[in-house]
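So this first bit is one chain, no partners, the form predicted alone, shown in structure tokens.
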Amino acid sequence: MTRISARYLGKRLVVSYLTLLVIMSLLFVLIRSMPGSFIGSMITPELDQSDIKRLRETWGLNEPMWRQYIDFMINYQTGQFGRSPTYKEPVWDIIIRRFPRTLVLFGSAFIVQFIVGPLVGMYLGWWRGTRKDKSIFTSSLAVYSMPAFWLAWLFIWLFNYELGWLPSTYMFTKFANFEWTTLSIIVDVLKHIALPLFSIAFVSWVGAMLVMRPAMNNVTGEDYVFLAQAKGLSERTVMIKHAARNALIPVATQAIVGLAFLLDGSVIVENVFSWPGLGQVIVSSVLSRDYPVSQAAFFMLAVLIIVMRLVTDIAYTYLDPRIKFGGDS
């Protein structure tokens, strides 16, 4: 039976919280190291020095930096992200509206990546050294070297401009000439998500495959695999049930790295396809020096990665019963 130690789980929660505090501190410093000020766009020739002073007081920029840092740390841990000077609305409303759209796109890409990658890696590790393994492995390395944004433009040119099969912008059809039903909405979203999803997953699955392939090859020489074969079990049963399960443990570790790269790519891919998610907000807020929005967007992405790291630790115990989460052995 898998045993999860409450003491160790508490330690992991504390470490995750401290990690978040460090990220928040770096975020505070880096954002404010950017040239210019986000109230610069609000200052017009009609404003005198007293108006500018009141403007700085309104946004808390008249406070010393240490005071701004304390307010930032307290407010962000209580979900008070402030108000956006660019969007003229609370930052939390922007995040709530945009974050689910990013989760839809990159959650789908994450699932595809860690279904296709481990499956291909499982077969390549089982067939290690064969002609099929060498050809697929070489081709996948060539795919892995392609930039996601270049593939995005290539797919837009092929499937949108040349073939006209799939839309290349937004999440829904604007000014649609069809009736909005549940089925039509789902079909419309699937059409719009196809190209950005394919652009991300077409490259990202290779990372999981590169981890799964050697791990699978290593477990093929273990005694329990030979025992399963000696029992007369089919090759498919031995490969999937006995070998692949233990080879998945390093893939779970790579999942966090893969998630970080996926979120990093969201900034580019969302802007290429005008996908209305956090990636698009990050670019626009950084260019306009909208500190409240850019800080909140980066903060939410950091929280997502930290939570996924904690979930991965717990998932280890289910992938390999020999691992005790926080146990003594």
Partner chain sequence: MSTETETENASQIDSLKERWRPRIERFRRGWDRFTQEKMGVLGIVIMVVFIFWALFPDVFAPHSMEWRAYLGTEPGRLTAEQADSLPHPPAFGDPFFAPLGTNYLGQGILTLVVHAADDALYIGFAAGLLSSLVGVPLGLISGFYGNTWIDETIQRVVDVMYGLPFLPFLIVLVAIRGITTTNIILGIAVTSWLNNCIVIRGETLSLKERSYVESAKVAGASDTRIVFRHIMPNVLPLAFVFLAQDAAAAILAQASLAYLGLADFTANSWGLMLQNIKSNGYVFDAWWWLIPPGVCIMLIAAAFYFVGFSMEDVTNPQEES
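Here the structure is a predicted model, which is why all the values come from computation and not from measurement. Residue numbers count along the first chain shown, from 1.
Just so you know, the form predicted together with its partner chain exists too; it's not on screen, but the next bit is about it.
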Within 4.5 Å of its partner chain in the predicted bound form, do 22, 157 and 287 each have at least one heavy atom? yes
Is residue 217 close enough to its partner chain in the predicted bound form to count, meaning some heavy atom within 4.5 Å? yes
Is residue 298 close enough to its partner chain in the predicted bound form to count, meaning some heavy atom within 4.5 Å? yes
Hey, in the predicted bound form, is residue 210 touching its partner chain, heavy atoms inside 4.5 Å? yes
My question is simply whether residue 134 lines the interface with its partner chain in the predicted bound form - judged by any non-hydrogen atom within 4.5 Å. yes
Proximity to its partner chain in the predicted bound form, single hit among 224, 165, 172, 149 (heavy atom within 4.5 Å): 149
With the partner removed from view, which of 84-92, 70-78, 135-143, 110-118 is the stretch that lies within 4.5 Å of its partner chain in the predicted bound form, judged by heavy atom distances? 135-143
At 4.5 Å, heavy atom to heavy atom, what parts of 268-289 sit next to its partner chain in the predicted bound form? List them in sequence order, or say none. 268, 271, 272, 282, 283, 286, 287, 289
